[in-house]
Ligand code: HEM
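Just the one chain here, the form predicted on its own, laid out as structure tokens.
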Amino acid sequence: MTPYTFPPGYSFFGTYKRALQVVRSPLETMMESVERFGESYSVTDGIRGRMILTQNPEFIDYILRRNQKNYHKSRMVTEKLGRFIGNGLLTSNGSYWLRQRRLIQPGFHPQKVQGLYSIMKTTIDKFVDEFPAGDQVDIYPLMNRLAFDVVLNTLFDIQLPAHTIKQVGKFISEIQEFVIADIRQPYKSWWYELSGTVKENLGKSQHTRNILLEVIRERTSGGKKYNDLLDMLLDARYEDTGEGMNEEQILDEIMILFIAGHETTGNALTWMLYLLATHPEELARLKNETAGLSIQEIISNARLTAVIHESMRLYPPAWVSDRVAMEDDSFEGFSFPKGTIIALFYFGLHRSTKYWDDPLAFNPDRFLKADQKEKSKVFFPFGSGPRLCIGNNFAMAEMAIFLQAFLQKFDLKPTGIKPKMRALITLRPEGVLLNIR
């Protein structure tokens, strides 16, 4: 048997002893483990074998970029999430993923995204006009709804019935809650199957797919062209065959766009407003420097970009991701067999004193300095390598347009109530209450 050298970490019994801590407070438990063992540590369980967690930026870059061909997303994503939302870009691997990425990538090129700015702006302006200002406004549900509306309207540049919108949004929220519970407590998987919980959620998934399928079929039968993402998916053609995607493939990609495109942005915008409300000098500076800008000026504004990046450094929506080794591998003295799952802990890296001065401080100016190339080596807001988030340009534009529009109309004040972080598939804010005038 080949001897492997794993990072230091928890034994079999030590892993199970801390399992309840991970379920209750994953962020704190992981941060404590890094403090105890170093930037990379390992855990052992009887279901997944030996796993490695790392916030070492070189190790993360090795996994995501330099040796990315040896690493796929684990079954925790491809199977546990994929069976509910389909085999799209987020949940597929290998040659199928590469074929889909090449097919869809042109639709998210910066020039293509520009064609969606007007839809974004119209959606955001309507939201801002109807925003319920007042005391102790619960921000997250509102930002989540806005991000959902932006994805919905850029996907389908048509008016959908309110009950349809509500059903799709409800499914997306509920399925994330279930999948993360299943991933964190694998010993309960048998019960979820036996109790009918899995069947119930699969039914919700199929119901959602049927709703979206009706929209797709109405579009294809209508013959009218729209400048939206659905038309992009319908018009995309594979280079080798010249054929387009079938209905199931289009449904899979739409489900992925809903999951990945609205939850993460809703989270990020909530944390941004919280940080700006609790840092009035930064709020005033951003408001003054972005008054009267055109859309193109908003997208390219350095301070807006810096505020967004600094917020995503402190509260990365994708706070962790994973990969599984397809063959035996090694990195800087560690060696591990194929099948080893590597968890990439971006939250810990983004708050590490080793790479960031005063890392817990909200300081957008750190992203205005000349050493941006060095920053990029320790900053992973959208991942890295070939699987860099395909919607990163879309998300950055959406967040910039919203912040500029919102801050020109409203004043933000903190309430003194400290919000909580819920580390689900994304880093969800809870209890972000602000006074807004």
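A quick note: this is a predicted structure, and the numbers were derived from the prediction, not measured. Residues carry their position along the shown sequence, with the first being 1.
As for the form predicted together with this ligand, it is not shown, yet the points below apply to it.
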Of Val113, Ala268, Leu233, Leu146, the one that lies within 4.5 Å of this ligand in the model of the complex (heavy atoms): Ala268
Would you mind picking the one in Ala277, Met76, Leu90, Ile250 that has a heavy atom within 4.5 Å of this ligand in the model of the complex? Leu90
Can we say Leu155, Phe382 and Gly391 each have a non-hydrogen atom within 4.5 Å of this ligand in the model of the complex? yes
I'd like to know whether Thr197 contacts this ligand in the model of the complex, with contact meaning heavy atoms within 4.5 angstroms. no
May I ask you to state whether Thr264 is within 4.5 Å of this ligand in the model of the complex, using heavy atom distances? yes
Using a 4.5 angstroms cut-off on non-hydrogen atoms, would Pro317 count as touching this ligand in the model of the complex? yes
Does Ile341 reach this ligand in the model of the complex if we count a contact as any heavy atom within 4.5 Å? no
Want to guess which of 163 to 171, 331 to 339, 317 to 325, 203 to 211 is within 4.5 Å of this ligand in the model of the complex, heavy atoms only? 317 to 325
Residue by residue through 229 to 261, tell me which have a non-hydrogen atom within 4.5 angstroms of this ligand in the model of the complex. Ile256, Leu257, Ala260, Gly261
